[in-house]
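The chain below stands alone and is given as structure tokens, in the form predicted alone.
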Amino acid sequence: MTASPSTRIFGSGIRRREDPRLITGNARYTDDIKLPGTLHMVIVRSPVAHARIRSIDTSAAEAAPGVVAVYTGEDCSCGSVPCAWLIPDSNLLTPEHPALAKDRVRYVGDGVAIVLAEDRAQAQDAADRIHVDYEELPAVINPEEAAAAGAPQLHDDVPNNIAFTWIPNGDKDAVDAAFDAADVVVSERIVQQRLQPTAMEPRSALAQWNGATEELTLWYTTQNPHIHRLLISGMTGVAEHKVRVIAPEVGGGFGSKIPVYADEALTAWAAMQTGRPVKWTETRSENYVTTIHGRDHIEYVELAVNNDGKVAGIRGKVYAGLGAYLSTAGPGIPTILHGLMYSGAYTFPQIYCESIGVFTNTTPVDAYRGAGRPEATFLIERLMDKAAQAIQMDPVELRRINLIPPFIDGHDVAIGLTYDSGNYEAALDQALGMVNYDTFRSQQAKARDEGRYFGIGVTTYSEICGLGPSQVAGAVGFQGGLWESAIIRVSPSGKVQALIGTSPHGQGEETTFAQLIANELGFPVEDIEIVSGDTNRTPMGFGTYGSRTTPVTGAALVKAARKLREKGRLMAAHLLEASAEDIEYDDGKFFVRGAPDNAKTIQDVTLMTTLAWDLPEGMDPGFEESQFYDPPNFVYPFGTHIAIVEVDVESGEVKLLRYVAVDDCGPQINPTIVAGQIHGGIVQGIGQALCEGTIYDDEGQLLTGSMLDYAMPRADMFPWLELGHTETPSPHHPVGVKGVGETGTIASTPTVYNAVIDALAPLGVEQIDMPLSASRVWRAIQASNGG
């Protein structure tokens, strides 16, 4: 009982309804909101990476014009910043993370005091007058070095700076035996450099406290309002039901607005102390030193392969930098979301991963687009290319030999996961056809004879997303369920409101969710409003991240819509004086089988159930349904990406000539929005490969602390992105969809990296640490056998 293909809105590339307000400047962000009597907060931050605080002199700040209050860590009763992913069986240590440092700072940017004044300029002037006497201590930046004996210690209760050591299910003896028996073992030391998320909008918060009712309202740049309501409640002591979190427009997140930070909690706490609204908005410089960073792995990885191309096993040891403190989801990134993806798209029989989480004197690390999966995909695909070279096999053929065969309803991999569905070879074949792989190889050989160096990189990937099953969440230490909920409410005039617990912030769900509902119920898509981002208006939800919004919230909406459709069928049967079993539904109309001209529209049954003048026996009035959805499994999108590059060996410059991406996220609700997500992900992933990278000096000073120093990808770096797709529905999702928000980032980094190494193979270049800037590539060429 779905709408006919000729009228289906599902699969239509209609324009995003969000875009008019966003591109015309009419959207309202947190910093745009004005409340009478608002105070402005500035946070005084440590300029050194590691030090004891001898004293803080706030007297000059307190006497400055416009200043209302100054607080230090000794004054602050705001609770410790919590970590919400406590990995079991890892000996996890969770040192205190004070909202304001009291006796010791542990990274540049650690907050030591706050100033509240009538305007921001006055607050900043006063903050500059605060004198902090620091006794500097040695700092450590590199996670591998931080875990070594004798390294400077960040936390007295964390020996050797090691927060956890995590090893998933795996028989080390069996893995070692597979490696001992293999014909060839290849290895590499991979540095996954730190990245700075650099969302368009920095973080911002505006808090209002009503002392009479003890209610706190917090406007907040958040990806998950309901979770932040819970965590802010814990930090401020305000009862959860008295906290309201509102997410206005959020100008990009990429994972950086998942965590709860000290800063937003301090904004709320300051409003409670002063009884006046308080606003805090970080500068870009603050954003770079205090908003979480991503990646920061040092990996020692190996792949065992036989001469026939069959991989015998993969193993790795990862030193994962966590920064100075455990961020909200920090421990889950290099463990659950990384180590469990060592199978990729392949039938690796033996897998072993050891992840060591290490504190360093740097900004805390948390989820950044892809979050663990890009790092896992990179090491797999890098080793596959090295193995192919070692046994003198084409890298595409090696991949093909080891791909998991097609499956439609579950496949178990050695690490312990059950993938939902996949047809990896179909995506590979389509991408190879689009790029004319064999023809390129011939052209590449000819070009090398002419002194030109072209390279091709091929990535076949699978990823875990749609973070959902609550039972699994509990088993892996996530401190909450991962179900979602939705309410669909239809007014007597036939207008629809859908209230969701997740909080989209640029992904396009205002459009795609309306398409889902329109497809199920037949209402015009323009009559459907999606309501999100306000904990007082929307049902509970666990947040927008991990490409989970459409797989989990979308499923809740579809199931709620189907409840309404069934209610409409029963109402139509009553109005048409027919048996419910004889009622059919098509294109927004209910009719008796064989008599489509005598029909009741979805608007007819909505009006009659709302008026309740003549209801079938046992039917409740109103046309509204709610649905909780706890998925039975994750979803596993997959695909093949191919890049062609040319390297100028005189300058080291890398030019990206072609980029082909064939992705499978199941049925596409809106192909245009899917393409936009893939485009954005590809650009971010290639940014890591070619230009982005966080740099600290040995004392812990951030050298990439502005956009003058942190190299973001630019439009002129990219060719036209050529997209294809296959369609393999998820068997457990009601319409088969999978996530797509992170696939581009996961696949593109190793694709471009391997293309560059392939181009330089005749010169003997085998490895270059990212990013592959012209200077790094040039130095690698000069140091190589061919240089």
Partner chain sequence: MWPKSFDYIRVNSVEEAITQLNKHEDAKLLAGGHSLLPAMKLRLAEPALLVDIAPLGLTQVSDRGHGWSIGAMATHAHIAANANGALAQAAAGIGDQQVRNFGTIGGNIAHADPASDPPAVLVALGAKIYIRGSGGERNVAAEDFFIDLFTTDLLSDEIITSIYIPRKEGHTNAYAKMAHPASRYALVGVAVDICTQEGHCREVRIGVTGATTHAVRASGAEAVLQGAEINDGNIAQACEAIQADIADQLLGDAAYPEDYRQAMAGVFLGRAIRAATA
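What you see is a predicted model; the values in this text were computed from it and never measured. Numbering follows the first chain given and starts at 1.
There is another form of the same protein, the form predicted together with its partner chain; it is not shown, and what comes next is about it.
- Of the residues 210, 418, 80, 124, just one reaches its partner chain in the predicted bound form with a heavy atom at 4.5 Å or closer; this is 124.
- Proximity to its partner chain in the predicted bound form, defined as a heavy atom within 4.5 Å, singles out one entry of 239, 703, 184, 657, which is 703.
- Taken together, the three residues 648, 695 and 707 all come within 4.5 Å of its partner chain in the predicted bound form, as judged by their closest heavy atom.
- Contact between residue 714 and its partner chain in the predicted bound form is found at the 4.5 Å heavy atom cutoff.
- Remark: residue 283 counts among the residues lining its partner chain in the predicted bound form, judged by a heavy atom distance of 4.5 Å or less.
- Among residues of the shown chain, residue 96 is not one whose heavy atoms approach its partner chain to within 4.5 Å in the predicted bound form.
- When contacts are judged by a 4.5 Å heavy atom cut-off, residue 128 counts as touching its partner chain in the predicted bound form.
- Segments offered: 326 to 334, 474 to 482, 113 to 121, 159 to 167. Contacting its partner chain in the predicted bound form at heavy atom distances within 4.5 Å is 113 to 121.
- Using a 4.5 Å cut-off on any heavy atom, the residues of 756 to 782 that reach its partner chain in the predicted bound form are, in sequence order, 773, 774, 775, 778, 779.
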